[in-house]
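Quick setup: one chain, the form predicted alone, written in structure tokens, and binding and motion questions come after.
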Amino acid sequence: MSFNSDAVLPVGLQDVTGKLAEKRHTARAAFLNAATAAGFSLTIPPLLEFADSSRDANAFMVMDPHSRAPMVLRSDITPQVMRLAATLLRDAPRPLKLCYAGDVLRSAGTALRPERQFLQLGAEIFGDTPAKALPAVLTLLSAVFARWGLPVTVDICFPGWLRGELKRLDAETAEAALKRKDFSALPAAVKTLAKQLAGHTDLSSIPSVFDTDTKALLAVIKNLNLPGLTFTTDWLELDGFSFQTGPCFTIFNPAISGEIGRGGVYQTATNNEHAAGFSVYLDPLLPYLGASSA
């Protein structure tokens, strides 16, 4: 008996079989091997959790037949790992280095990525200074993409600082204009700031408006010897970084449409613990991974 998969699967979901399924498994194993070799411990959160006020609007909701409480199918594993660090692993020695690999499901796709189910891979470090944690996650990122045979561009931004500057300038409404890159709609003070930042497109020159600690951290990143990673900067980027406080980054490859991952520095909402990490969605990368991705 044969089935038309278009008729039996919801929009944005697909079967993965044959060589592509083997490549998915091999690439997942390569990531976990690199992460555990770097001292990250594997954690496996559940597919479902009870819903709370911070849930992602793009997540599926269901009802628990036992408690009758609303639950969500995870659309992002990072918040689950943050919860684990603040609860079950709150007394574990710091720095706490965790990695994960699991599927996530979203209620809607995007124009660039109509798929709604992804294999999300990631790593987080809790309880260490940004000056140590951010270089460590970038080093792991370099090792992973080297195993996959895929060079990438890491575009660094600083959304937490930029939002603070908008607040200081009493121009928080300018955030919407910055997100859509409409610089003509910016108030004069923000235009001046934007001109100062727009001239810096890589780490060869670091904006003078940053504080001493941030300049020192960016200098550390600049001097990292990470094969396969090219660093660029976009200090006016805000979109998609809602809780990050320190330097952040988006991962690109010129052959692949849209971003292929992101990460950065943040503080956990539960206990304000310093953390840094990244996430990569594997499935869109599979056609581009090298043959030696194990």
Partner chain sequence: MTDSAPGALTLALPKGRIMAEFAAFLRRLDIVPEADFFDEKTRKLQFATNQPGLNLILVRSFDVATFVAFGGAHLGVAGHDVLMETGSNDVYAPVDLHIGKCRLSLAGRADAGAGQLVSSSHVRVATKYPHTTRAHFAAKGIQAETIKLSGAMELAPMLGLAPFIVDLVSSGATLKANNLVELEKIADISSKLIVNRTAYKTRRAGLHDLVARFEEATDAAA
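Positions refer to the first chain, counted from 1. Everything quoted here is computed from the prediction, not taken from an experiment.
Keep in mind the form predicted in complex with its partner chain is missing from the figure; the text below concerns it.
Enquirer: Tell me, out of 165, 175, 155, 76, which residue has a non-hydrogen atom within 4.5 angstroms of its partner chain in the predicted complex.
Expert: Of the listed residues, the single hit is 155.
Enquirer: Pick from 184, 212, 208, 223: which has a non-hydrogen atom within 4.5 Å of its partner chain in the predicted complex?
Expert: Only one option qualifies, and that one is 184.
Enquirer: Just checking whether residue 70 would be counted as a contact of its partner chain in the predicted complex - the rule being heavy atoms within 4.5 angstroms.
Expert: Close contact is absent here: in the predicted complex, residue 70 is far from its partner chain, nothing within 4.5 Å, heavy atoms only.
Enquirer: Whether residue 179 contacts its partner chain in the predicted complex should be assessed with a 4.5 Å heavy atom distance threshold; does it?
Expert: Because a heavy atom of residue 179 falls inside 4.5 Å of its partner chain in the predicted complex, the answer is yes.
Enquirer: Against its partner chain in the predicted complex, would residue 111 count as a contact residue? Criterion: heavy atoms within 4.5 Å.
Expert: Taking the distances in the predicted complex, the answer for residue 111 is yes, it comes within 4.5 Å of its partner chain.
Enquirer: Closest heavy atom of residue 255 to its partner chain in the predicted complex, within 4.5 Å or not?
Expert: Result yes; residue 255 sits at the interface with its partner chain in the predicted complex.
Enquirer: Among 245 to 253, 264 to 272, 31 to 39, 57 to 65, which stretch sits within 4.5 Å of its partner chain in the predicted complex, heavy atoms only?
Expert: Selected range: 245 to 253.
Enquirer: Can you tell me which bits of 187 to 213 touch its partner chain in the predicted complex, meaning any heavy atom within 4.5 Å?
Expert: Contacting residue: only 201.
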